[in-house]
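Two forms, one chain: they're shown below as structure tokens, one block per form, named structure 1 and structure 2.
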Structure 1
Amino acid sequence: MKPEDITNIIVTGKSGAGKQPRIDVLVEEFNLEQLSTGDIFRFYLKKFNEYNYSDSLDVFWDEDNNRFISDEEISNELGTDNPDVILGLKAKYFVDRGLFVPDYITNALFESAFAKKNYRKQVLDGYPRTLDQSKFLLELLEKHNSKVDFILLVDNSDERIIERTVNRRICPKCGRVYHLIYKPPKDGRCEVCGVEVIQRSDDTEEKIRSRLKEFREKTLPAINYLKEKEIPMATVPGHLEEFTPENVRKSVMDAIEKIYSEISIE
């Protein structure tokens, strides 16, 4: 399989399953870019924050109809028609309130970011995460004559994910990741910066179990829908007895070769 044969790939799995090392393999092997939902949100939030609008965002929300006022009205109120700033405002409205971001907002942010990449040569990370997002993605791909070649599911057990995640520590300065069991920080400090490592606020068992529940209830139906639409899926283990770059790469490429050999047989 040649890099030029691949248009887009979806990587999915439970939070903490070990997706990033597998994404790194796909990016390198197929000359792709990683399009992450987290990065998308950060980009548009930054665009809005850089605009330095300091008044309340409540003026942009129509309480009677439970939706935003029109983009034209938003533009007039903001004093700009920059679509990135307007999208950032909509994301910020929900994020700042700690509210679930509705699919129609996530879809709009994703579509804008995906369009900048010409709907091609991307590893989709964190999208689609719901059934409605899966449906939106397929409509978007069809509209722009693009496709997803296959889904890579990184599989890991709940208990392994919990054990791995609650023991994770990060350097607040450089972002270097440690693990209290497998890669403990010496004297509790980052070996590069010398700063005391911390546990992320969302790396508690309670929050991890909540994310795992959300995967089962929301993301699995999204994955199953794509499978029903005959998008091939390869499954790779998130846990390897000997975790090396070579073994990660081999498990990913073997899984991909398997699904394509099965397709050719059919």
Structure 2
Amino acid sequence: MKPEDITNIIVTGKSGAGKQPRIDVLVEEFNLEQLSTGDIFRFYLKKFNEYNYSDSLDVFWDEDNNRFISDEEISNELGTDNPDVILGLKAKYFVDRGLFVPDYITNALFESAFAKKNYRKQVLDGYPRTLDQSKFLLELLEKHNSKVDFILLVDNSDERIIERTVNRRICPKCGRVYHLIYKPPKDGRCEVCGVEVIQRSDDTEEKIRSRLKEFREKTLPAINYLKEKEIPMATVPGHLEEFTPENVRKSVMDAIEKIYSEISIE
């Protein structure tokens, strides 16, 4: 499989399964970029956090109609009509509860980011995560004469993920990931940036359990739909006994080779 043969790849798995090291391999091996909906939401969350609004977000949610109050009402309540801040508020409402952001918001943000990349040469990280998103993606690809070559599923057990995620710390500047036990940040700082590492606001046990439930109920059907549409899928273990860069690379490349050898046999 040569880099120029690959158009796009989906990397999927439970939140906290260990997708990032596998994505790093794919980006390098196939000259791709990473397009992560989680990162897009964190960008808007930051815009909202910088706005320094500390009251509860419940007032923005219309319980009876199961949707946000209008943007005009949000803007009056918040005291700003900055669209990035309003989007950040909407994302935060869900992300902080360990819930998926609604499809109409996620699909629109994803489409505009994917369009900027001409719908090509991306590792899709954390998208699609629902059936509606899978359908939206396939329509988008067809419309723009593009494709997904294969799906890489990073598999890991719930218990291991919980242990991994509550101990996870990240560098707010470069996104480098640390683990308090296995890869502790020296003096609590990023080894590259020197900045103090932080815990993601959604990395608590309660929120992780909620994300795992979302995965079972929403993402599994989304993946099954893509499989039914005959997009090949390979699974790699998120946990390796010996977690070295060489072993991660080998497990990813072996899984991909298996897909393509099976395709050529058929």
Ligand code: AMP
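Rigid core here is just the name for the largest C-alpha set that superposes within 1.5 Å across the two forms. Counting starts at 1 and follows the sequence of structure 1. Here the structure is a predicted model, which means the values were calculated and not measured.
> Pick one: which structure is the form predicted in complex with ligand AMP?
It is structure 2; that copy is the form predicted in complex with ligand AMP.
> Taking the rigid core as the reference frame, is the Cα of E142 displaced by 2 Å or more between the two structures?
No, the C-alpha moves less than 2 Å.
> Relative to the superposed rigid core, does the CA atom of E241 travel 2 Å or more between the two structures?
After core superposition, the C-alpha of E241 moves less than 2 Å between the two structures.
> Classify G88 as shifted (yes) or not shifted (no) between the two structures, where shifted means its C-alpha moves by 2 Å or more with the rigid core superposed.
Shift of 2 Å or more: yes.
> What Cα shift, in Å, does G175 show between the two structures once the core is superposed?
A shift of 5.9 Å at the C-alpha.
> Please state the CA displacement of V101 between the two structures in angstrom, with both forms fitted on the core.
Spelling it out: core superposed, C-alpha of V101 shifted, distance 3.4 Å.
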